[in-house]
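A lone chain, given as structure tokens: the form predicted alone.
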């Protein structure tokens, strides 16, 4: 049985386009919250295959999405590199900021990620054959920003300063992250992931030469190691907020799709990347939260400006206060049904 998303990633145009949503499994779903309450903490949640598999499948069951995306977190790889990662309610992830002298001797224990592969295997065994399972990792630069700064910050000034001043240490950290992330994705593919995605969530605000060094180079290292391992699974890259740097990202890397953030004009972007490359995105998540005519117009805007092979998605992720009815309406709208926006 064909998977619409795999068709698009092979360069074919599908009408209507397949649809899934980043962060589709999460706090806007009551069934998610019910299971979340049973986990000791967020890391425990990610490392408990039975629970992680269930919440991965929930949005596919509820919405009939064309894909399930693995329920995990981009900061699991630092745990495999011996870093302390914890999540504080109302704050988000907290790490012990890494020092340049610590990077030379980072330990590595990839076995701690085995529960994730079990989650992938469980989901693939339960998922319909016409649905795609997406595995993922964080982009090395994005993960490095958390390791350097110790938490998420708006501008990543400390991380960028670190990259300028501690060039060798930064390059070594990115190489370590790329190598570990490649192993992580290889094992997800072996466990049953149909597609792999690299979330470079903090690609914005980088000078072009820095973008090449911190984003394109390490991502190329990931892809080359995956391909050298004999894994031909399609890869989606997402350099969020990268502006015109995203054009070089799409053209310089062996990816089959480039996800576009809300700020990326799809028509212009399509003209600057390979014709066979799929795009993904880029509905404004805020419009999904607002609903009504605002959301209807935003969906029309994406449908009117996309061209070529395209996967309908958000420009970022589903927020906790999104109404289920509006997610249902977007799917009906994209598939030519009768959307009921609220």
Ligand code: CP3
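Numbering follows the first chain given and starts at 1. Treat the numbers as computed from the prediction; the structure is a model and nothing was measured.
In what follows, reference is made to the form predicted in complex with coproporphyrinogen III (CP3), a form of this protein that is not presented.
Look at 92 to 100, 244 to 252, 224 to 232, 210 to 218: in the model of the complex, residues with non-hydrogen atoms within 4.5 angstroms of coproporphyrinogen III (CP3) sit in 92 to 100.
Taking a 4.5 Å heavy atom cutoff to coproporphyrinogen III (CP3) in the model of the complex, the contact residue among 187, 166, 121, 201 is 201. Shown without its partner, this chain lists 27, 61, 297, 34 as candidates; in the model of the complex, only 27 has a non-hydrogen atom within 4.5 angstroms of coproporphyrinogen III (CP3). Although the partner is absent here, residue 69 sits close enough that one of its heavy atoms falls within 4.5 Å of coproporphyrinogen III (CP3) in the model of the complex. Among heavy atoms of residue 162, none comes within 4.5 Å of coproporphyrinogen III (CP3) in the model of the complex. Although the partner is absent here, residue 22 lies within 4.5 Å of coproporphyrinogen III (CP3) in the model of the complex, judged by heavy atoms.
When coproporphyrinogen III (CP3) is considered in the model of the complex, residue 133 lies well away from it, no heavy atom lying within 4.5 Å.
With contact defined as any non-hydrogen atom lying within 4.5 angstroms of coproporphyrinogen III (CP3) in the model of the complex, 316 is the only contacting residue in 297 to 318.
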